[in-house]
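Here you get one chain, nothing else, as structure tokens; it is the form predicted alone.
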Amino acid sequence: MSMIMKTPNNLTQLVECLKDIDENTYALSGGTDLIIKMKKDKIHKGTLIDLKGINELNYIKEENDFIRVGAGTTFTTIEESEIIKSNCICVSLASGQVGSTQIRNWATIGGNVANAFAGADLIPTLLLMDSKVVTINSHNERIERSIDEVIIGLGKNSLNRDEIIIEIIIPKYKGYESAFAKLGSRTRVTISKLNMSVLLKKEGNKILDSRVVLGALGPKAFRATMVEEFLNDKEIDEKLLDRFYEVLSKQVDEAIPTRKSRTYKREAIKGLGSDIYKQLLG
């Protein structure tokens, strides 16, 4: 039994690696999740394609309507990026709450999306921003899909076996503000039990438009349309917060009507709602 390691230094070499891919080939992009999986599932043979040596996957670039983030970019780099902070602070906040400092220094956005973990912090914010995922395959074709198409369930993605994520495209929402809040058993080094991302446009004392995404409340993060419909066209007054809490609890009831954790989460989500309210409306 042995593990073969391939270490492409650029996308051309990566495509060559993808031509030989099989069911025992694994892409290593940070490996903070993959190594744990390999130990748990006792995977001792196959091929590892280490993406860390591909420097052209490590970047954050700003364009007129988009931000392009290379799949090899770490959470720490994303958290500290002024481009990210000034255009989508929710993505920076979520990146800064992923695991420990060591994990954030090594784990990458591409690996996180491919892993499709339900309790991930960053993925809900990428869904909130309607981000796109760009892949490359063994035919050197680049394919762009929405992140909602790529993440299809708990730990599952829709990528073909010979596809690797190379870029995330985050649209800019000019005139909008965003926020992120999470609930975990500890503050900075834990997996989310519940998280919420909100994108909001307001004028004066009125909310014009909103997008709300809840994470760790099902197999994958999802748009909380009940909450969005409540917030849109609402006046920001002293009664709004209590009504906001009520709708959040109803959204939990709708999402997990029979789960044992429903009672806990329908109360816990009010704490996230309070954090979000302070960030955007307080």
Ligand SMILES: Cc1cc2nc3c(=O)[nH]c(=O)nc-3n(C[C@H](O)[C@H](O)[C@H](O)COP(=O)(O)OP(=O)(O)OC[C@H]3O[C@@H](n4cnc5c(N)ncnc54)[C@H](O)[C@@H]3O)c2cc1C
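In case it trips you up, residue 1 is the first one in the sequence shown, and so on. Predicted, not measured: the structure shown is a model, and the values here were computed from it.
The same protein also has a form predicted in complex with the ligand, omitted here; what follows describes it.
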Contact flag, V69 vs the ligand in the predicted complex, heavy atom cut 4.5 Å: no
State yes or no: in the predicted complex, is some non-hydrogen atom of N115 no more than 4.5 angstroms from a non-hydrogen atom of the ligand? yes
Find out whether any non-hydrogen atom of S29 is located within 4.5 angstroms of the ligand in the predicted complex, and reply yes or no. yes
Is T108 part of the interface with the ligand in the predicted complex - any heavy atom within 4.5 Å? yes
Pick from Q97, S210, T77, N137: which residue has any heavy atom within 4.5 angstroms of the ligand in the predicted complex? Q97
Under a 4.5 angstroms heavy atom criterion, identify the one residue in L217, L51, A224, L231 near the ligand in the predicted complex. L51
Where does the ligand sit in the predicted complex: which of 201-209, 163-171, 80-88, 139-147, heavy atoms within 4.5 Å? 163-171
With the partner left out here, if you bring back the ligand in the predicted complex, are I36, A120 and K182 all within 4.5 Å of it by some heavy atom? yes
